[in-house]
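Here we start with a single chain on its own, the form predicted on its own, put down as structure tokens.
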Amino acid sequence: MRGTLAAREARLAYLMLTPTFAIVFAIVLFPVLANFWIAFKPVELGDLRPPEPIVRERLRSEATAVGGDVVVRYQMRSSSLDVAIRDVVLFDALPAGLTLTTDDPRCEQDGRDLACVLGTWEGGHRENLDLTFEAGPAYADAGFPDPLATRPQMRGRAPNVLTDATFTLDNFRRVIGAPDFWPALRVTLWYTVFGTIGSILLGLFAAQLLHADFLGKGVLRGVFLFPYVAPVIAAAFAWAFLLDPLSGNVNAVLKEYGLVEQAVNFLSRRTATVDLFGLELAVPMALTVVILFEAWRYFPFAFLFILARFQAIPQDMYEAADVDGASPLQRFWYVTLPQLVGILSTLFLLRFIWTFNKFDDIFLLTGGAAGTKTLTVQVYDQAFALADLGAGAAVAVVLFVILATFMILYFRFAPEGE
């Protein structure tokens, strides 16, 4: 009896949760499933509109008396050059008083309705259909109305690559086999890892700085949030203006102090040679600038979380460390840092996911040029620049798989209780 009541309560609970499941599916899961669906189909941007028959009519001859002939030419063509359209039919509504006289077995008239069954069209099919109509008394009484007043309609059936059962791995083969895929993946990982670590370190430094009590602390906390709340397009163009090789302030300062002889194009130069203690290193310049922008723009997010955690650390722990004679560095290493492990782990997870999917920052700064093309930029290039939706969706699936693998490893090896 108890089991039956529990089962009924469970069914009722599932019934009440059904609308929620439907909304979650529609908002969250449907776009993901649609992307997976497209990734396994050879679909391009032009395939979104299935092939269809197109018709345009012209009046070749008009009647001025009863018994005269009205000749209408239907200029028809297929919208596809290589896909066949089956069961093509032409429909038109004629003025009253017109009678079809053309002996074409494909066309029949029923009252004012004209229908022509045209069969199957191969790709690139074109046809001119001239039909003659005899003007009757009703047509004359109506004042010889324009036969083209109503627009003809056409109907046909064509395969739709988005909805048929054709699935292929060609998109993944082409994407992964392309020469720019692995460099883009490597750039994505570099950008994600260093951008994430940079933003967290800056946030940690800012939180440590503004955790102390001093006059103007509240104002500085607000100022530190500007990079995060500013529109990304404004921030990106501000950086582009400052780094401009002709009129940028950064190049002006570097040349003023003799640090460089010629202006440096920070956003268009792929690599720069840096002399480090006699050792010449090739540094990816544009990628480094993009990573710095990522760290600068998103450090306030880490700053807020870390500052909140700072304020929750009991002061007794610092007082005990002072009694033990701990130095400031030892206080940070043995007291503060262990208390921040949980929040730093969470921040790394969130920032890694968001940075890995980042597109707008890179696209606004460099457009993916000079060695800064990430997989998200490649999704845009494939889907919209090359109009290959299947390939773009395949790259997005690769991104999803990498992120899913990272999340599984993270939750598997994350510190216990964090």
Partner chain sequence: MMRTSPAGFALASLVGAFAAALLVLAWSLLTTLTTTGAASAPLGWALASGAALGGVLAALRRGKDTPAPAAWTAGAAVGLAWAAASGGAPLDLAHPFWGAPAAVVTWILIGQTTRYGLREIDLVRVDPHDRERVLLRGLRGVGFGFFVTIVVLPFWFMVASSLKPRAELLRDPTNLAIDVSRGLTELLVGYREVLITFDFARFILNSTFVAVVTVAITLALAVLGAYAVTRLRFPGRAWLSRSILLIYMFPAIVLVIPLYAIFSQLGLRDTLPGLLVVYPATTLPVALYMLRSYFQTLPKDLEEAGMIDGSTRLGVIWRITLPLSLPALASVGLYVFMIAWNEFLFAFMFLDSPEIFTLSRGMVALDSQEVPRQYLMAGAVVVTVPIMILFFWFEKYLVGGLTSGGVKG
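Each form is matched to the other, and the largest set of C-alpha atoms that superpose within 1.5 Å is called the rigid core. Numbering follows the first chain given and starts at 1. None of these values were measured; they are calculated from a predicted model.
Absent from the display: the form predicted together with its partner chain. The rest refers to it.
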| item | value |
| --- | --- |
| Stretch in contact in the model of the complex with its partner chain, which is absent here, among 66-74, 382-390, 365-373, 53-61 (heavy atoms within 4.5 Å) | 382-390 |
| Position in contact with its partner chain when the complex is considered in the model of the complex, options Ala149, Leu246, Leu279, Val283, heavy atoms within 4.5 Å | Leu246 |
| Contact assignment for its partner chain in the model of the complex, among Phe91, Tyr334, Phe237, Phe181, heavy atom within 4.5 Å | Phe237 |
| Contact test in the model of the complex: Tyr257 vs its partner chain, heavy atoms, 4.5 Å | yes |
| Distance check, Ser327 to its partner chain in the model of the complex, heavy atom within 4.5 Å | yes |
| Pro227: touches its partner chain in the model of the complex, heavy atom cutoff 4.5 angstroms | yes |
| Non-hydrogen atom contact Ala212 with its partner chain in the model of the complex at 4.5 angstroms | yes |
| Its partner chain in the model of the complex - contacting residues of 388-408, heavy atom within 4.5 Å | Leu389, Gly392, Ala393, Ala396, Leu399, Phe400, Leu403, Met407 |
| Residue shift check between this form and the one not shown, rigid core fit, Asn160 Cα at least 2 Å | yes |
| CA of Gly390, rigid core aligned, shift of 2 Å or more between this form and the one not shown | no |
| Core-superposed comparison between this form and the one not shown, Pro50 Cα displacement 2 Å or beyond | yes |
